[in-house]
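Only one chain comes next, encoded as structure tokens, the form predicted alone.
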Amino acid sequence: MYYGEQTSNAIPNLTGKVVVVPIGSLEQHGHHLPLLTDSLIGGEIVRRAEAELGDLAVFLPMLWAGASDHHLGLPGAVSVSNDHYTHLLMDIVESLIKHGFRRILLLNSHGGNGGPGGNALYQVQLKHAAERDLFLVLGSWFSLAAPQIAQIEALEQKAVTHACELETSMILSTRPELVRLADARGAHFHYDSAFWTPDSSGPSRVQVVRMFHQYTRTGALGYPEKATAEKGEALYTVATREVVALIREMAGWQPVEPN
């Protein structure tokens, strides 16, 4: 069910459910994908998950603004700085806690939201350290489904990067009219490192901070020209499956007693 479609007096009867806060972005996605790509993908996963879960969970509207300062060197991004984004998410989570929700999931669709999202939940948890029945969770669909994504044989790339084969395939699957596949070109690297690869095609054992315009002219990574709608549908299937599994499990989580 959708939070925004409920009346005020219905909320006290819903607080035992998992409440999901979808977070995305509005930023450049190369020359071939719409600015709203992350939010469109996250919104489609939410739509499918809500249809499967019914009244087991309550979904807030997609928060389309994200922490995208690292994309500002290329045209299009509307970004909330990390500090402000942390506080924005804290205020949303605190509002839900005040109304009685105890299982809160930030369902993320944009890599840049991970840092401030995790910090927001950490700061809120510090304020509620005595409340053992409170579960604050950050989950990114591309991390939740990473093992399943890597097993999709049709994919050239085996992990989500940015405006890549995978994201392009997902938009082709649901909003093909928004994709300019003839303009699809991504940066890809054969980088001599055992620890890091700029396009995530190799090891990612450390975090290297870069602005997007520092290593891609188009704003895209990988091989977006290899995208197909069929690959996109396979990605939505595994991503939705793992999101639904997480929410179902969260619904039954019980307080952990120290031992």
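Remember, it's a predicted structure, so these values are computed and weren't measured experimentally. The first residue of the sequence shown is number 1, and the count goes up from there. Rigid core here is just the name for the largest C-alpha set that superposes within 1.5 Å across the two forms.
Here the subject shifts to the form predicted together with another copy of the chain, a form of this protein not shown in this document.
Asks: Can you work out whether another copy of the chain is within 4.5 angstroms of a heavy atom in all three of M62, V78 and R175 in the predicted bound form?
Replies: Spot residues vs another copy of the chain: full contact, yes.
Asks: May I ask you to check whether K158 falls inside a 4.5 Å heavy atom distance of another copy of the chain in the predicted bound form?
Replies: K158: no contact with another copy of the chain in the predicted bound form.
Asks: So, in the predicted bound form, is I11 in contact with another copy of the chain at a 4.5 angstroms heavy atom limit?
Replies: Within the cut-off, so yes.
Asks: Answer with yes or no whether T228 is in contact with another copy of the chain in the predicted bound form, where contact means some heavy atom within 4.5 Å.
Replies: Contact with another copy of the chain, no.
Asks: V18 versus another copy of the chain, in the predicted bound form: is there a non-hydrogen atom within 4.5 Å?
Replies: Because no heavy atom of V18 falls inside 4.5 Å of another copy of the chain in the predicted bound form, the answer is no.
Asks: Looking at A150, A182, A154, A129 here, can you tell me which has any non-hydrogen atom within 4.5 angstroms of another copy of the chain in the predicted bound form?
Replies: Only one listed residue qualifies here, and that residue is A129.
Asks: Given a 4.5 Å distance limit between heavy atoms, list every residue of 225-245 close to another copy of the chain in the predicted bound form, or none if there are none.
Replies: Those in contact are E242, A245.
Asks: Core-aligned, is the CA shift for R217 between this form and the one not shown 2 angstroms or more?
Replies: Comparing forms between this form and the one not shown, the R217 CA shifts below 2 Å.
Asks: Classify S193 as shifted (yes) or not shifted (no) between this form and the one not shown, where shifted means its C-alpha moves by 2 Å or more with the rigid core superposed.
Replies: Indeed, S193 is displaced by 2 Å or more.
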